[in-house]
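To begin, one chain is listed below as structure tokens, in the form predicted alone.
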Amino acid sequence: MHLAAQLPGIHNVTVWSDPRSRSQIGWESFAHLARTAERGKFDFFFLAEGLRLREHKGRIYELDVAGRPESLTVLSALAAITTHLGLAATVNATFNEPYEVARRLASLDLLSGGRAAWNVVTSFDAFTGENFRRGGFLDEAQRYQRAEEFLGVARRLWDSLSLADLPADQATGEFVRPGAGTFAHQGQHFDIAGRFTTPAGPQGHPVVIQAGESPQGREFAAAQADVIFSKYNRLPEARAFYQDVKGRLARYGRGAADLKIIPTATCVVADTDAEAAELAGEITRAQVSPQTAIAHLEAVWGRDLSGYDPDGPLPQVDPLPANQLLQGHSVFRGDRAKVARRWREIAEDRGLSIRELVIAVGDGQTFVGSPATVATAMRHFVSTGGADGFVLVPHTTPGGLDDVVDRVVPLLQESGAFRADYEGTTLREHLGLAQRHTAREAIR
């Protein structure tokens, strides 16, 4: 089983109003959670990223975390206080350039001793693009094409310069080998040539992570990624996703072990199953506050519904799906009219209020129970083909994973489901992935 930790900062996972919560953006919080993850022998620590603060009806959407430092900067600092923990950052391939991103990731990998990972994402909206004076920039299909070419160029850059190219031989006077760092690429989205500046780290290439959901995204992950984040943390759907993506690997000459599928998950742990269930309900109600419930309903309905009681029934008015009240939130894209119809059916069938409905259609808590119950459920999920592990997302910062590390991980270790200690120093070694040195051609 592979385990990772994510500091929450997007959607309504984190409960920043909890008395146990501390700063959502301060160094002490990042350091505490990273040290906790390394104490638990986790594979890596992951930071999501947003390139623009979300807005709700023209104002900052304050139910999300705002003001977080840039991820690679944070991870570079964390590299100095950890020794084994992988360091994974989301970096956008729509509004960045390959040379810059490849150099920053190579630097992190080199200075951390081979622990860097890149979650490759694209931007889906013109709202984010306004920060870059590009607006929409590309339609969705072209964004994947750009991401594929972007990754191929980054790999070519990483291959262009290694530590072996910098002998610094005092006897011969040779510091750098002729031709080192030379690269050239001409494609649909990029036409660059020059010399790369940063030698590759011990992994060869940083680990590549992707969150493929659409058929195109799943194909991209099967062809290119080392790890895929999945939203499927319920077993039947998770098994179907796992089989689908793993089944795509063979046509790219890859085996099942070459791609790790790791969904996000939450754990609520208490002394007994009953206590954990009660606590999980309290956490979920805190995550879906009355304000959050109305905001989510407005995002789907496209209407100002602030006058409605969150503990009352759904509004009788029809949605305005063309009207966007919550900007920059990827959950509420797609066919919102269809979503509204489904939500109304659920609410009517089960007699749910607005807030109860938003809770019901949300992810809820993945693993709930005593330490033994949670450990057993996690082992069952992995052993029956649901995933290769989990990215655990705590609901409080920074101590939200303390109970998991102190009470659940030892049981996973005793059962042999999880490592007792690190067996290597690089993230690729933690994940059981081979070192990578040869650039792959960008997928069509």
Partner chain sequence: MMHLAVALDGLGWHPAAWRTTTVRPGAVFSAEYWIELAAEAERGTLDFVTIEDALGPQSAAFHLPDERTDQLRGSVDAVLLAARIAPRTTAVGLVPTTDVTHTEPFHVAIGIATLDHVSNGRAGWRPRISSRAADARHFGRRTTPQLTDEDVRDPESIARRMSPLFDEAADVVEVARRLWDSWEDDAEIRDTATGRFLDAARVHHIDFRGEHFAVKGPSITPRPPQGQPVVTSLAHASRPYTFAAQASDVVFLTPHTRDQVVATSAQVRRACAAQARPAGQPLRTFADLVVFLDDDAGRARRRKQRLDELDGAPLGSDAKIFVGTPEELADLLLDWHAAGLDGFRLRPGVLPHDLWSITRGLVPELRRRGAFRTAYESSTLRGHLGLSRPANRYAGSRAGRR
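For clarity, every value in this text was computed on a predicted model and none was experimentally measured. Numbering follows the first chain given and starts at 1.
The following text describes the form predicted in complex with the partner chain, which does not appear among the structures shown.
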Response to the item:
Of the candidate stretches 226 to 234, 311 to 319, 196 to 204, 242 to 250, the one with residues having heavy atoms within 4.5 Å of the partner chain in the predicted complex is 196 to 204
Item to complete: Answer with yes or no whether Val176 is in contact with the partner chain in the predicted complex, where contact means some heavy atom within 4.5 Å.
Response: yes
Worksheet item: With the cut-off set at 4.5 Å between non-hydrogen atoms, does Gly50 touch the partner chain in the predicted complex?
Response: yes
Worksheet item: Does any heavy atom of His380 come within 4.5 Å of a heavy atom of the partner chain in the predicted complex?
Response: no
Practice prompt. Spell out, yes or no, whether the shortest heavy atom distance between Trp16 and the partner chain in the predicted complex is within 4.5 Å.
Written response: yes
Fill in: Contact assignment for the partner chain in the predicted complex, among Ala211, Leu110, Leu279, Val339, heavy atom within 4.5 Å
Leu110
Item to complete: May I ask you to choose, among Asn323, Gln188, Gln170, Ser306, the residue with a heavy atom within 4.5 Å of the partner chain in the predicted complex?
Response: Gln170
Worksheet item: Considering only 39 to 76, what residues come within 4.5 Å of the partner chain in the predicted complex, judged by heavy atoms?
Response: Gly50, Leu51, Arg52, Leu53, Glu55, Arg59, Ile60, Tyr61, Glu62, Leu63, Asp64, Val65, Ala66, Gly67, Arg68, Pro69, Glu70, Leu72, Thr73, Val74, Ser76
